[in-house]
Ligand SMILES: C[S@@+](CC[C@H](N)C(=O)[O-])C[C@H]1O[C@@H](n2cnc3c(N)ncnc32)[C@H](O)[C@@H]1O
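Just the one chain here, the form predicted on its own, laid out as structure tokens.
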Amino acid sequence: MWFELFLETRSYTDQEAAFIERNLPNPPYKKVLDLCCGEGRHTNYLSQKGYEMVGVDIDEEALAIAARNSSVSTKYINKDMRALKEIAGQFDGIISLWQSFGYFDENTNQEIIRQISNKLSERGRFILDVYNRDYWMVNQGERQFEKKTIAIRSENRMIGKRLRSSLTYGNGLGSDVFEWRLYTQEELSALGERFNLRLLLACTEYNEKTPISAGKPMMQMVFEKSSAPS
């Protein structure tokens, strides 16, 4: 239901892809992996722009939609992000967008960053788009709204450093529950440094000139591989 109600209503693809193109210019960043690519919105867009794209996701149905919507040769792989090391080769860039990082415990999240670093070529770049914990610490609670005439009740609660987000859909359409470990800019910068990923840029709204703030829910960070894999 989340894909059906929310994904199609987002009209930001051009803005998001333009940000990626500015920070992963092709050349030299030609071979790019989209980690947790979902239905391939960014993967297919960037493929049409001349990037050699590989989309990775655990959701087989989403990948089937992505493949059907691809008008060029784009490779899709059904894989858990924790098994990124099983994918052959290295990449000039890796992108992980729309809060697709932080599902697991502390050690597993760190292991994913290590695998991302190891999959990047020297001076390769990693673009991460995630929730800003500072925002969610002061923006919790319940609200009701509509999408495509469907009534939705949402509840967001911080439990320590983890955000639990629940969505209950009207008309008997069920519910979704998501939970992530959220980070601050400083924590992610330190985590990147631990695995040879140097922070080049931190911003929000896919605008390099707009700094991260507690008033904005999302943040984008661009890292560059600084040395040999750990």
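Computed from a predicted model, the values in this text were never measured in an experiment. One rule holds for the numbers: they count along the sequence shown, beginning at 1.
Form predicted in complex with the ligand: not shown, discussed below.
Chemist: Is the ligand in the model of the complex close enough to 7, 100 and 104 that every residue in that trio has a heavy atom within 4.5 angstroms of it?
Modeler: Yes, the whole candidate spot contacts the ligand.
Chemist: At the 4.5 Å heavy atom threshold, is residue 59 in contact with the ligand in the model of the complex?
Modeler: Yes, residue 59 is a contact residue.
Chemist: Even though the ligand is not shown here, does residue 46 get within 4.5 Å of it in the model of the complex, heavy atoms only?
Modeler: No, residue 46 is distant from the partner.
Chemist: Under a 4.5 Å heavy atom criterion, is residue 142 part of the interface with the ligand in the model of the complex?
Modeler: Residue 142 lies outside the contact set for the ligand.
Chemist: Any chance residue 182 has a heavy atom within 4.5 Å of the ligand in the model of the complex?
Modeler: Residue 182: no, not in contact with the ligand in the model of the complex.
Chemist: Only one of 31-39, 165-173, 186-194, 46-54 gets a heavy atom within 4.5 Å of the ligand in the model of the complex; which is it?
Modeler: In the other structure, the partner sits against 31-39.
Chemist: Which residue, 86, 155, 80, 122, has a heavy atom that falls within 4.5 Å of the ligand in the model of the complex?
Modeler: Answer to the contact question: 80.
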